[in-house]
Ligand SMILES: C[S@@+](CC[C@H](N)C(=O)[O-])C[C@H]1O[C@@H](n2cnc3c(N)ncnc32)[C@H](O)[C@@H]1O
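Only one chain is given next, in structure tokens, and it is the form predicted on its own.
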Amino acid sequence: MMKHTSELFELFNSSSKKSIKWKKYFPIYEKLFKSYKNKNITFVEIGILDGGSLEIWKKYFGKDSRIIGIDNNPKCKKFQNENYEIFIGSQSDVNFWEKFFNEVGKVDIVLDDGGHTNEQQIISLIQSVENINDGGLHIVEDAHSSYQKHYGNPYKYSFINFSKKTIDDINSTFPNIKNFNYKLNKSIYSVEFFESIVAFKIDRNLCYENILLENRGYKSNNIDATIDVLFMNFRNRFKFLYKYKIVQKIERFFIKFFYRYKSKKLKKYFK
């Protein structure tokens, strides 16, 4: 079994207050958080329990960090001190989030270790994304709840399925790919998946529609021998037909049919 020697793991073991974390989370934390150490960041953790993790985060990120805890248990307010602030409210309450960000302002990292229901995880993500600075993160722990009956899952509208949909959402910034009615691709440019953890990376500067660039290098005449070449030759010979939309639609239909037929051999990899 792999041994952990990371700084966060050592802080976890030596903490004076109780905290609960799954073992695999520590190398993931190190990977995601190391570039934020000893910087003037605002870190928000949803779910406080006995306050142990707040102590860990303050020591890890350093004296210049602003550490904020959120919990729906009013008793957690007792953990507030000069090192961290505590806010009491429900993470599935849109009004709570509006008041929270009005008071706190923009943040750099949100770590959701609160309730594990689909509603709690999805609402927290949606409400936080627009209030996270560029270069920041929204991280959801315990995403395994999307597979557990205790939380009403597996379900079409689970948090994990929402996260998968965000992959399509991000790719829809490519030209002429269908957009969703509800999308977060104006802020989220990347999603990283781990066992039980999903990390959403925020940077509005990277969320623009993609642009094809061409340098001045040598252009080869080599073309892949695919159905595209056949239609290209047809198009060159019968350009006059392509003024009719029906001809363009027929071409698109046959190309789509061809590639779907070729892809059937991949079915076994999706079982």
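Quick caveat: nothing in here was measured; it's all calculated off a predicted structure. All residue numbers are counted from 1 along the displayed sequence.
In what follows, reference is made to the form predicted together with this ligand, a form of this protein that is not presented.
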Heavy atom contact within 4.5 Å of this ligand in the predicted complex, the stretch among 206-214, 32-40, 233-241, 45-53: 45-53
Proximity to this ligand in the predicted complex, single hit among D108, E85, D169, D113 (heavy atom within 4.5 Å): D113
Sort through Q120, S158, S187, Q127 and report the residue having a heavy atom within 4.5 Å of this ligand in the predicted complex. Q120
Indicate whether this ligand has at least one heavy atom within 4.5 Å of a heavy atom of N72 in the predicted complex. yes
Can you check whether S90 is within 4.5 Å of this ligand in the predicted complex, heavy atom basis? yes
K18 within 4.5 Å of this ligand in the predicted complex, heavy atoms: yes
